[in-house]
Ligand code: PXL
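The chain below stands alone, shown as C-alpha cells; this is the form predicted alone.
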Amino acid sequence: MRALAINDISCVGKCSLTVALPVLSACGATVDILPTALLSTHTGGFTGYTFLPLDGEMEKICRHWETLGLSYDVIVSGYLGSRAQIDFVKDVKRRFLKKDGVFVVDPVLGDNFTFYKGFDEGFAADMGSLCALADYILPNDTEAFLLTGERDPERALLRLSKLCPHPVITGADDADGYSLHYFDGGAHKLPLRKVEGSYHGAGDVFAAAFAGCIASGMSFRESLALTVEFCYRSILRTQKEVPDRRFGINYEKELSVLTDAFKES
C-alpha cells in the first residue's frame, strides 16, 4: 500500500506531516509526503512562529513524480493554506490516485465554532468542493458547522452526506454525551470516552490512522473503532505525561494498537 499525505510541516508540536508519516507507516503503508507549508511550530498556542507557503514547490514536486510513474492507493489531505492549494489538491487526486484508490479529506477550517486565522466563508465553500471529491471526510464539530451552517451534529451529518458518501464528525457534544457521528448509508453515532482538555494534533493523528485503516481493506466501522481506540489511549497517556499540551499528543507508545492489528490481518 502506497500512501500520499498532503499537509503542512510544523517542525515542533507533533501534528500534520510529522505524525502522518509514522502513523500511516504503522498501518503498513509506504508513505510519501506533499508539504503545503513549512512552519517553525504549529499555530495553536505558540507565538512568533515562522510560516513559509510552498505553493511554488508543490507543482515542481508533482512534475518530478510524474516522471517516476508514481500512483497511490490512498491520498489523505489536511491543512491547505490557500484556495489555490485546494484547487491544486483536486488536480493531485486526478493525476496520482489509482482508479480504485481512496481519497480522504480532513477539511481543516477551525475550532471552537470559529475559523482559524486566514480562513473565511469563501475558503469553506472551496473546501466543500474538495470534500465533494472525497470518499471520506473527517471534520470536527466546528468544521462540520462551517461547511453546513448546522450546529446540531446529526443535522450537519445529513447535510455532509450530500457532499460525500462517508462523512465522519470526529467528536461532538450532544444530548447523549460526547460522540462520533458517521454516515454509512444512514446516520450512526459512536459514543466516545472523553478526556478533558484540548490536545493539539489529535485530529491529524485520527486522520492518518483512519486513512491507513480504511486503505488497508478494513471496513468503515472497523476502521473507526480501531482509530478511536488508538486516539483515546494516546490522549489519555498525554493527559498523564505531558504538562504542556502545545507539544502534541504522546501517540508513539500506543502505535502497537495499530501494528498489532495489522499483524493479525
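Given the structure is predicted, the values throughout are model-derived calculations rather than measurements. Position 1 is the first residue in the sequence shown; the rest follow in order.
The next section is about a form of this same protein that is not shown, the form predicted in complex with the ligand.
- Only one of 108, 156, 92, 134 comes within 4.5 Å of the ligand in the predicted complex through a heavy atom, and that residue is 108.
- Contact between residue 15 and the ligand in the predicted complex is found at the 4.5 Å heavy atom cutoff.
- For residue 116, a non-hydrogen atom is located within 4.5 Å of the ligand in the predicted complex, even though that partner is not displayed.
- Of the heavy atoms in residue 44, some are within 4.5 Å of the ligand in the predicted complex.
- When contacts are judged by a 4.5 Å heavy atom cut-off, residue 39 counts as touching the ligand in the predicted complex.
- Checking 196-204, 233-241, 219-227, 62-70 against the ligand in the predicted complex, the stretch whose residues place heavy atoms within 4.5 Å of it is 196-204.
- In the predicted complex, just one residue of 76-99 lies within 4.5 Å of the ligand by at least one heavy atom: 79.
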